[in-house]
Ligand code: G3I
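This document starts with one chain, in the form predicted on its own, laid out as structure tokens.
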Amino acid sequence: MDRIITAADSSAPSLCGAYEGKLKIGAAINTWHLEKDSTAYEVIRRHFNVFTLENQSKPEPVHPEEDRWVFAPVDRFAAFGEETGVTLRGHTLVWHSQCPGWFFRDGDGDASAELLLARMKEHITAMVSRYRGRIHTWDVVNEVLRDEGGLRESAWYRISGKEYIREAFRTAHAADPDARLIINDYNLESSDAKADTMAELVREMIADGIPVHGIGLQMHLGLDTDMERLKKNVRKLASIREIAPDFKLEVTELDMSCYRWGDEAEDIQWDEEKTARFTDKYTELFRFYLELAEEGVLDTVVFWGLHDGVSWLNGFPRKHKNYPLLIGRDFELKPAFFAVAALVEQ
């Protein structure tokens, strides 16, 4: 029986080390992963060099009430970045979800557009200026598009129209002119309509001088993801470089569910066939990422979670376990890990 190699094993290749000079390889973490004597911390330091706080820097935990801020977790995250020299991403400044309701209220009614935008600017300015020079990249606005294309009819949009998107980028840039500012969304690789809307929105903002520096592709994928469609839509978004040579794509929340969306089947049995499909899909995906890196359009890939056991896909939308990452529940390295790590040498 083959020996199981874990992510903390010194005989295993370092994932970020393998991609050094090609791509930064990252993970979404939480501050409890930063205990220095833990296996999680050892794995973080060995395999990743860019990090996103999974939930602790979103508006709801940071700014639960208008006059109350909770900075301690983000402060610890920023200190970790300073201690280690890794790249940090801020997630997220403006989102329709995990945003406290007070943003949108004025007494018993809706806030006016002016009040909502003032609150948004205060929040963004406080966050970005506090971590100026320490957080390299911000997901400024998150998931502002509808699944079928067009702008999401969120409370942000209902009250202020699309102006909130533009003002969010202007405000973040004023607070830290050196930060990379990203518009982040899901299914951009799988929905033609959504990719078209994003391309049009970003091209329009860039033409109007709005400081948007890149698009974040969440890439919550599946074993059945259509790779040809993925490549076509990513290339469509990459073409924005025609009008903005420094424009970047980032893969911000990568994972690969082992279930089809809406599949309520019993907990799957992980077998050789699924292992092969999983490995082949991740290998094809990272081969494409390397093409984009060579072209200068992609420089960052972040996995949404440190290992399978902490993935948000466990229990969502079903109660069963999922196996979406390159590192398993007990920190074991999957065949897909070694295949992805070996691609650079090839």
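Just so you know, these numbers come straight off a predicted model, no measurement behind them. In case it trips you up, residue 1 is the first one in the sequence shown, and so on.
A second form of this protein, the form predicted together with this ligand, is not displayed here; the remarks below concern that form.
*Among 187, 226 and 288, does every residue place a heavy atom within 4.5 Å of this ligand in the model of the complex?*
No: none of 187, 226 and 288 comes within 4.5 Å of this ligand in the model of the complex.
*Stretch from 66 to 74, 288 to 296, 52 to 60, 39 to 47 whose residues place a heavy atom within 4.5 Å of this ligand in the model of the complex*: The contacting stretch here is 52 to 60.
*Evaluate residue 194 for contact with this ligand in the model of the complex, applying a 4.5 angstroms cut-off between non-hydrogen atoms, and reply yes or no.*
No, residue 194 stays farther than 4.5 Å from this ligand in the model of the complex.
_Heavy atom of residue 142 within 4.5 Å of this ligand in the model of the complex_ = Output for residue 142 is yes: heavy atoms within 4.5 Å of this ligand.
*Is residue 220 a contact residue for this ligand in the model of the complex, using a 4.5 Å heavy atom cut-off?*
Answer yes; at least one heavy atom of residue 220 falls within 4.5 Å of this ligand in the model of the complex.
*Is there any non-hydrogen atom of residue 176 lying within 4.5 Å of this ligand in the model of the complex?*
Close contact is absent here: in the model of the complex, residue 176 is far from this ligand, nothing within 4.5 Å, heavy atoms only.
*One residue of 95, 104, 157, 259 in contact with this ligand, assessed in the model of the complex (non-hydrogen atom, 4.5 angstroms)*: The residue in contact is 95.
*Quick one: from 91, 123, 180, 248, grab the residue that has a heavy atom within 4.5 Å of this ligand in the model of the complex.*
None of the other options qualify; the answer is 91.
*Pull the contact list for 230 to 259: residues with a heavy atom within 4.5 Å of this ligand in the model of the complex, in sequence order.*
Going through 230 to 259 in order - heavy atoms within 4.5 Å of this ligand in the model of the complex - there is one hit, 253.
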